[in-house]
Each structure stands twice: as C-alpha cells, then as structure tokens.
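Next up is one chain by itself, shown in structure tokens, the form predicted on its own.
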Amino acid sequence: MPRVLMCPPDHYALRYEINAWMHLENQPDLALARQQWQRLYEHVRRIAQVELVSPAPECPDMVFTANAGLIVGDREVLLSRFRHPERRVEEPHFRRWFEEHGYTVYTMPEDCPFEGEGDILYAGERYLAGYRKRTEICAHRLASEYLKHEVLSLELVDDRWYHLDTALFVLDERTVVYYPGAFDLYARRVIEEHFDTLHVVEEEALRFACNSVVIDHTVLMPAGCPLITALLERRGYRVIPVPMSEFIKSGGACKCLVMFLER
C-alpha cells in the first residue's frame, strides 16, 4: 500500500493572511473542519497506510502536510523552506518527525523558497514543478539533482492558484488534470506536449477540484465538481467527493492535507 503523512487539525486556525483565499473575517468552523479532516482521513486509510505527525500549537497550517517537503529517495526528504515567516515555524517540527522516523533530511539554501509536494508532483519518468508564487525556480534545479529525474518548470500566474497542487493533479504517468488559467502560455504548452490532459473549468477549479488525492484508481476530490468527476468516471476512476469548505478558507483541500511518503 502507498504510505502517506497527515497531521490532525488540533491547532488548525486562520490567524493570518498569506494567500488569496485567507480572510480573517471569514473564519473556518473548526468543529466542522475536524469532521471534514476525519472524513478524508477515513477514506485515505482504506487505500493507504497513514502516518501522523503531531500538530504544534504555534503552527495553525501544519495540517497542510503536503507542504512539509518532498521525498527524494529511500528514506530521504528535501525539507521545505517556506516563503512566509508565518509558516517557517513548521520546519523544525517536520524535521524532527522525519529524523525520528529514520529519514536523511536535506534542505534548500535560505534564499531559495521551496514548499515541498505542494509545488513538485511525481509524474512517472519526470516531475512537474510550479514556481513564482511560493517556490522559486532555483529549487527546481536542486530538486532535480536529488531526484535524479527531469523536472519540468511551470509558471503559476494567478494568485488564487499559488501552489501547483491547487491547479493540477497527476492522474497517471501519461495523464494530468489541470486548470489552464492558472498557468502562463509556455507552461500550458509544456503540459500539453508531454501529457494527455483533462481540463478543469474555472468554476470547479475554484472549488479546488485540482487539489485531489489519487491512489490507484481512486480519486479523493473536494465536493462540488460534477463535470470533472464525470470525465474521470468515464475513464474508469472511482471519484469520492469530500467536503472541504473549512480548509478552502485557508487555501487548501484534499491534496494539501496529504503528503506521499511511499507510492
């Protein structure tokens, strides 16, 4: 079974504004957020082994474990170097978890922001990597050296889709699902030239359709995305809608809450 990392939402809160979705006047219902996280967790644990990292009180966004880092080898992880100081407090907690679980931890230079699996996604023979909003392109070259695979750089141009995993997910080694409006023209051409593609309409992209977890032929997708769901089901995928409203208020959904440790 695949193995993933999640973090319980014990200290999840909206305390600052560092992306286009976060508004202090639009606070999440924390009891409902707990229910939504638990529902996602129950679905994930049926198809993957789930490891849990303990949440820290000073880290309200630690629940978004996809941003913790990127697995680059057997028990090797490239730890995130967060752009915003509000999230840099998470770094020592994630480092401690990885070290305690036998991982060799690598880090980016201090002047090279990198936000882990939020911005670099496995796509078989190569990786797809987003930049400009949270991760800088300098991180792509360094990540490629650790991964020993080609990394395709994709520029994100809309503040609403600030991590790659909010605008694109890999269905299989040949197919990606993405919202074209999040990328510049060159990035769109790169995606279309290298993969078969399914396009997400803006209405469903705004419901975080692209922030989905794919394990084998199951897709855990934020609720309210019938168009892309129908396309995936016609291809033989089982799509499970998961309500994510209270995490979308902080700019995250299903995939943001899950980091892959082993596929």
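Each residue number is its position in the shown sequence, starting from 1. All values reported here derive from a predicted model rather than from experimental measurement.
What comes next is about the form predicted together with a small molecule, which is not displayed.
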{"query": "The small molecule in the model of the complex: contacting segment from 73-81, 179-187, 96-104, 157-165, heavy atom within 4.5 Å", "finding": "157-165"}
{"query": "Residue contact check: Gly251 to the small molecule in the model of the complex, 4.5 Å heavy atom", "finding": "yes"}
{"query": "Contact flag, Ser212 vs the small molecule in the model of the complex, heavy atom cut 4.5 Å", "finding": "no"}
{"query": "Contact label in the model of the complex: Gly118 to the small molecule, heavy atom within 4.5 Å", "finding": "yes"}
{"query": "The small molecule contact in the model of the complex: Met221, any heavy atom under 4.5 Å", "finding": "no"}
{"query": "Site check Gln36, Arg207 and Val242: each within 4.5 Å of the small molecule in the model of the complex by heavy atom", "finding": "no"}
